[in-house]
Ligand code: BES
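Here you get one chain, nothing else, as structure tokens; it is the form predicted alone.
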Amino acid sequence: MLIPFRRVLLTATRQHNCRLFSDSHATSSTRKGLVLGVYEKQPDNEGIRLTEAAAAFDSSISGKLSEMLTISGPLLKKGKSRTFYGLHQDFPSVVVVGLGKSSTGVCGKENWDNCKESIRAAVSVGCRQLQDLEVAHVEVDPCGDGQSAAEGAVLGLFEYDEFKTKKKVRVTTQPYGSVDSAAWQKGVLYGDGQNLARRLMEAPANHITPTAFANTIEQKLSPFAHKVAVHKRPQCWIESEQMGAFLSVSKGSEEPPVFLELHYKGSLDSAQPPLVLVGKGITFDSGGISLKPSSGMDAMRADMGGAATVCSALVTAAALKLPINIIGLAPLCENMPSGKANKPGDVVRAKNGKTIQVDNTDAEGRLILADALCYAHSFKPRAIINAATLTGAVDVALGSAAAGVFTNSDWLWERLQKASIVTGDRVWRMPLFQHYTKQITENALADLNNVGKYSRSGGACTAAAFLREFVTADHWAHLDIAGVMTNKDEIPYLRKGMSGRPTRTLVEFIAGLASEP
């Protein structure tokens, strides 16, 4: 039987590659891998289009990469990969990843930059492929955007395995070829920031208590002690501030509450009004007396995702040395059922004097945020942004596509949306109509009710309306991040688990604000 020449060549080449790979085999700690990019073939172009770094590598090995890509089948589509062995003595394993079309940019329909997202996704695929091969040192093609490539590498390689005996190989990455080193390092810091939030959110609730959370953030900020002050406010301080809503939630738990207060002074002008970031810090949410179903309750270890993202964003801003003043506030506690816990129908008093009827103890996040928002105004802020895994309703409305944003400020919304387009971690504006305010203010027993009187209707909107009752600032935004708390397979450069979203969007927003007069 005659065997086609192409199949003979391909088989021989594969055998040759395998032999070279085995000959150059070394321990995972010494082996190096390389990730390179290739674009989709255009209808008017029959040839292979490599990135600048991939073309330089191909030239250094006399065109062997192009030859292998040609004989190994159709060119790679976006997000797909192909691994070659033995092409280069310094890189026993080379993964080529598909970047999609080279001409794409910001997509108005998707509200993100297609090119940046493609690079993040492709690089993450290549790095994971090499990690599975137990390659510990990986050089990465910047693919024309060093920051996005670095983000893809750092985010794609993260996996929470701190309590596993068998762990994946720890991979170090660096750019391959000519690259803007500042852009690459910026991408690394952006990725590290989101990974910090992921690590906090993934950690079991018995390991990340309110006290442990505060200590972790303090430790992460220790390299920037000359610019950052950390205050871990104890229960006696919370009581002195008359934060009755926050205390009413924390009293059901044996774990003491902590009000974490961070001051980053990045601006040379000490009088510059600060940006205040507020994060919901429920380190475990059982629902209290209004107990949640047991199925899936373990995920409520991440109900402090708001605190995790805003604190991680502040840590990243400090690492980037952004010239802006930021204050981070995180009311930290557990929501547990006990003889001391809030009971449905109880009335509590917030810091601003407003009384709240607690009809559902599982709507506790808005209670602790109410006092934190009141306190935020004492700093005469430039703007206030709070983030919280607040409602399942926002997940029903938006799913994991975007975080819901409720804001009284067009100025603030425009900057948040602009930042999200750059990061690919999108936000979507939601309504703050008086229609929703009436549902939480028309209450016979107290000034406010912590749930809308039509409990199944517009839950994310009534929660935002509740928070607005504690805001007098002209520029305030509430980010409901419950829908983006986890990742299954929606974001290709994040593994399954807690997402740490939208940390990078907050960082990009802060960076943009820092660059303004």
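These numbers were taken from a predicted model, which means no experiment stands behind them. Throughout, we count residues from 1 along the sequence that is shown.
Only in words, not in the display: the form predicted in complex with the named molecule, which the text now covers.
Contact annotation: Ile326 falls outside 4.5 Å of the named molecule in the model of the complex, judged by heavy atom distances. Interface residue remark: Ile356 is not counted as part of the site for the named molecule in the model of the complex, having no heavy atom within 4.5 Å. Proximity of Lys292 to the named molecule in the model of the complex: non-hydrogen atoms within 4.5 Å are present. The named molecule is not drawn, but in the model of the complex it has no heavy atom within 4.5 Å of Leu479. Contact check for Asp285, Asp303 and Ala393: all three have a heavy atom within 4.5 Å of the named molecule in the model of the complex. This chain is drawn without the named molecule; in the model of the complex, the residue among Thr423, Gln194, Ser250, Thr389 with a heavy atom within 4.5 Å of it is Thr389. Note on the partner interface in the model of the complex: the residue among Asp371, Glu364, Asp141, Glu334 having a heavy atom within 4.5 angstroms of the named molecule is Glu364. Listed stretches are 466-474, 482-490, 48-56, 63-71; the contact stretch with the named molecule in the model of the complex is 482-490, by a heavy atom cutoff of 4.5 Å. Contact annotation for 437-461: a single residue, Val451, has a non-hydrogen atom within 4.5 angstroms of the named molecule in the model of the complex.
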